[in-house]
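Two separate entries follow, structure 1 and structure 2, each one form of the same protein chain as structure tokens.
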Structure 1
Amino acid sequence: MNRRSLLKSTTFAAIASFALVSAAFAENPVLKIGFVGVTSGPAAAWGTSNQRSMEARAAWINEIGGYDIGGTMYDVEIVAFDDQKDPKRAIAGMEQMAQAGIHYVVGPNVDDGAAAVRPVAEQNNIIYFPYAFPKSLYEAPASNAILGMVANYQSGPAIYKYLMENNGIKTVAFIAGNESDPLSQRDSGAAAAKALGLEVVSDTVTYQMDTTDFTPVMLPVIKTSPDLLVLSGVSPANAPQLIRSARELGFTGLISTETAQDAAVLQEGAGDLANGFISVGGASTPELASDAMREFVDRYTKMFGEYNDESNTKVYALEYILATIAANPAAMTDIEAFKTTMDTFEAPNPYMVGDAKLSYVGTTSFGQKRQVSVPLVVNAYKDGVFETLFVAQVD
């Protein structure tokens, strides 16, 4: 190589490097969204499906060039914190989000964590989307929490009413884990069942969350011979074992829950015994899922190796945050602008076929719009997949 060639190639390399660096500087600005939830320990599945839904959606957005907010394309970065289902750690996580200048956080996953972070969120101008049901989080004077799913006191009565009309159920029994979420869901479920005219034949039996053999637990419940057995607030880990124990003890009635479940877990843990099990999902069935939902499932599966059906409901929170900020770009740093926008916000629901809309609801339950409107899709499990039983809408 002579000197001229060397000079030429050096100059070319320098120009190319400069161009690449310039391109790097021209990358989209980043919008950080937080997640504070449980991704380790017994309840890891709840938070992991949240975090992975957000990461899969963020990667998708970034791959197609970003999210358009006020004419500027933003890359989305998910900042995650594992609270280990411990309220103290949830507070630390929310403080970390505040220090990072984050104004929108998904989580926490459970009641006590969601209640614990409230002061931190309110003092630091953070809007958060808990998966917890206490009404005090969403009723005035509280205003920073937005329920990220359908609450059991909304889905339960709809399920019981449907089963009364279509299956003629008259008696119901409740069984719940000995933790605040399942117990409160049991209590509100039993109250709703009584209000509908159902006879509650058992609602005192509870179990430790670490139970490995549910046969002794289930025995006194099955002896009451209910038409419907409700597994209040049951986690995906415990549902197959409870179903299996009930069926093996000879129970032939209906079994339902108001939490989201995973079809693969039910199939592995209970097999055919889970057929007919009723649970709540998102746009989880083929007849409801849009192309965007199918692509989301495909991307999630490629990214993490396996899809989790709980993500059918958990995909929505990030979508709501981004769409609301896009509707009013001032909301990116001003949560009061976000709250104002919520009252009138409406956008197409990308994950469902038809003319389903994204909007904020909750006026009936909380007196103000502090809940994302996700379709109340009630599923029945059959042979490894969920089938839609009925679809309803919550306000």
Structure 2
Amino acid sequence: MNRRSLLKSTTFAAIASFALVSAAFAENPVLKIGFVGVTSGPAAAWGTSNQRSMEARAAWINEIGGYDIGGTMYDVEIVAFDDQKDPKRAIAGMEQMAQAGIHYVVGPNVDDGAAAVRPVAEQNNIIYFPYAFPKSLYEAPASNAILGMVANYQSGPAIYKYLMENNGIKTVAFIAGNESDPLSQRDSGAAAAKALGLEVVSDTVTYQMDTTDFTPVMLPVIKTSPDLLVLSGVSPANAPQLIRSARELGFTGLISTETAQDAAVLQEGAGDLANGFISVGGASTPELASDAMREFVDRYTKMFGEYNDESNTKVYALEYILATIAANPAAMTDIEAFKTTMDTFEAPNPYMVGDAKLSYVGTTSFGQKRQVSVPLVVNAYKDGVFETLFVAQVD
């Protein structure tokens, strides 16, 4: 190699090396947000919707250059852990988040898991957004958990009242899986129904979570001939089986639940027998959805090959975390700054039309702001899709 070639090669190498170093320094710092929830088993649809919503939104943020916090653009990385609906695994997942230095975690998706991780979250300065309903998680002295959706004791009364006024229901029966989540939801649902003046004709029948033949379990409930049958805390996998059993036993009344469901699972497991089934839906309707919500749905669908209506609600947790930190950048590592900011926090809601705002609510239910404000959308299933029954708001 002659001297001129050597100099040219050396110069190009130096320029390339400088470019690589500059690119490295130009990369955005990374903000890690955790997810600990169920993505396998009968309740997998709940957590899968969480994780996919976070990953789709994070990819979108990163694609457009990052999220502005205090004048610095951050890429968002989602660190996910499948707790398999097991409280012990949920604890392990939250400990893993603590070891990674993560201060904000979405999940768990069920009551046992959300309660189990509380000590780990409080000892390691982690704010977490459960999709679980025990009020003790959100009432003082607890302060690290923020409810990521509308609770059953908020949606249940709204559904019962609507059906009383529009369908004339007078009697209601409850059936629940023999686990703490559905049993708790059954008890609060029955109490709410009685408070509204409904006659509760059955609220003691339960089933084991691994039941495959629901006919013997459902028969004594159907014999009470309720106007409304409530499937308390029912998982997406069990809902179509229970619906099918009720209809095949001749039940013609209304069936509802306060948990979110999966239209594809209902179609596959119950078909037309699920028509009219009422459930809590995602926090959006075609009338409420902004261009950003439609783009989110499109990106999610392209990324995962399908869409779950519940993700209209699950998209919000990551948005609240990022927007609250942006409102007070000290909250990046100081969760007390995050809590202080929550009391007065308000930001435009990118997923709804009009002047809707992101804010924290829950004072009526918990005595403090420990719940994200999302619309209560109640759906009725029909021929493979959910149709909006009504929309309400939680204080």
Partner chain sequence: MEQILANGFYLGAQYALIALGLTLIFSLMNVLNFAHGQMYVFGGFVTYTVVAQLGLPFIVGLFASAIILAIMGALIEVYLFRPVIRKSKREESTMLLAAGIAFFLDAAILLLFGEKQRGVPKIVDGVFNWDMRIIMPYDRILIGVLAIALIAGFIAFMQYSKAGRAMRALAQDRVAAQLMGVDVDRYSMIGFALGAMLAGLVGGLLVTITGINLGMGGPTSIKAFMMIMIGGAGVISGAIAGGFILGMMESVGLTMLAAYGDITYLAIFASLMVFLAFRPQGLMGKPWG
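Heads up, when I say rigid core I mean the largest set of C-alphas that superpose within 1.5 Å between the two forms. All of these numbers come straight from a predicted model, not from anything done at the bench. Sequence positions of structure 1, starting at 1, serve as the residue numbers.
Taken from the structure described as the form predicted in complex with its partner chain is structure 1, whereas structure 2 is drawn from elsewhere. Shown in the overlay between structures 1 and 2, fitted on the rigid core, is a CA shift at M352 of 2 Å or greater.
Comparing the forms between structures 1 and 2 on their rigid core, the Cα displacement of D291 reaches 2 Å or more.
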